[in-house]
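What follows is one chain in structure tokens, specifically the form predicted on its own.
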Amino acid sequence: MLSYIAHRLASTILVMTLVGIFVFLLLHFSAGDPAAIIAGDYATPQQIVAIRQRLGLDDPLLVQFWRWALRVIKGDLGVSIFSNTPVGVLIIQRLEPTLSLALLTMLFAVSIAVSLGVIAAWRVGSLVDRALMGFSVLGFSMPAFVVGYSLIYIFAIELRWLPVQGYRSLADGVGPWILHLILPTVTLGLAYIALIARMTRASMLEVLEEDYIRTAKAKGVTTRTMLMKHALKNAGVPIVTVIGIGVALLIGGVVITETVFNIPGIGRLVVDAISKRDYPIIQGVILLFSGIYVLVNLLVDLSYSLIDPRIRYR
């Protein structure tokens, strides 16, 4: 196990290095000049050149990348071009809204999706199964911004049950914190629910055809015990795998959802940085998201041995 973890961590370093190179080149080859944005519409070419020299943007790409990579190795993600604030400080300032939204979405989506998948597999072919799978297809096919604006119109504008936009810190109380996160959580979690529910159903259907399930039924085991203890546990590896893969979907959805609901999180920080071509912020956040995704997949791989003791790592 330890050798496997060490091998995965070593591969993680390689992956993060490739991600860093790709993001750096992609940003610097994209259209737009941060020096021109900083200077404004009425700046002279000489002023723009002076700003580029001050920021080091006129240096060769290799020199710029090497300078940035050395800072990252030391734990320094750089300084924002526009606010002149360290990127790490900006990320920490925006961490609570994003972390709250992501954790609530995962808790909500996983609990709902697994339940729906188990019910659909148990009642396969029935009206309940078709309805649940139809809901899954609809949820996965609808863009997050369409779902978000629809929920805002129904529950915030028409019914006035929930806030339209914004975020309230947990320090302001659990009630306001939850109220401001209900609509974003449902918006972000809908596609995640659809993905996990379909995989849960498929995995459960395969397990329910096994001989030990028929034996459990013959012994008079209750349906609840048969589904949750015997079937779901043995169907757990594919479900956990798709939950880990879905983290990428969750990360991408955070950016859209925070923009729709005006949540001052890391996703909104990225959107603002892209519009300003603030390279250090974009690079730092993408590296952070990439690291989280790789770490989550490592934890998912390690959880296989807990779900199925037959799995061994070499």
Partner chain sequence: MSVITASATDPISRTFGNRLWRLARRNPTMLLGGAILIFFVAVALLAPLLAGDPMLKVPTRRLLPPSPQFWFGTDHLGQDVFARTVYGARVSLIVGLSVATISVLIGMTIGLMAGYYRWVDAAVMRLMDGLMAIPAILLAIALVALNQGSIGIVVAAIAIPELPRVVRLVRSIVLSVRELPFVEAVIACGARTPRILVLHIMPSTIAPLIVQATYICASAILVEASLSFLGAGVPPETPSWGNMIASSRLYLARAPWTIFCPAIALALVVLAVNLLGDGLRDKLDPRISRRM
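Predicted, not measured: the structure shown is a model, and the values here were computed from it. Residue numbers count along the first chain shown, from 1. Rigid core (definition): largest C-alpha set, two forms, superposition within 1.5 Å.
Omitted from view is the form predicted in complex with its partner chain, to which the following refers.
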#### Entry: Option from 222 to 230, 99 to 107, 85 to 93, 193 to 201 whose residues, in the predicted complex, bring a heavy atom within 4.5 Å of its partner chain
193 to 201
### Task
Decide if the three candidate residues Leu162, Ser169 and Ile178 all line its partner chain in the predicted complex, where lining means a heavy atom within 4.5 Å.
no
### Message
Please determine whether Ser126 contacts its partner chain in the predicted complex, using a 4.5 Å cut-off between heavy atoms.
### Response
no
### Message
At 4.5 Å between heavy atoms, is Tyr212 in contact with its partner chain in the predicted complex?
### Response
no
### Message
I'd like to check something about Ile256: if you look in the predicted complex, is any of its heavy atoms closer than or equal to 4.5 Å to a heavy atom of its partner chain?
### Response
yes
### Task
Would you please decide whether Phe140 lies within 4.5 angstroms of its partner chain in the predicted complex, comparing each non-hydrogen atom pair?
yes
### Query
With its partner chain left out of view, which of Leu299, Leu18, Leu9, Leu306 would have a heavy atom within 4.5 Å of it in the predicted complex?
Leu18
### Message
Could you pull out the residues of 153 to 168 that have any heavy atom within 4.5 Å of its partner chain in the predicted complex?
### Response
Tyr153, Ile157
### Query
Taking the rigid core as reference, does the Cα of Phe289 move 2 Å or more between the shown form and the other one?
no
### Message
Checking Leu299 here: with the core superposed, does its CA move 2 Å or more between the shown form and the other one?
### Response
no
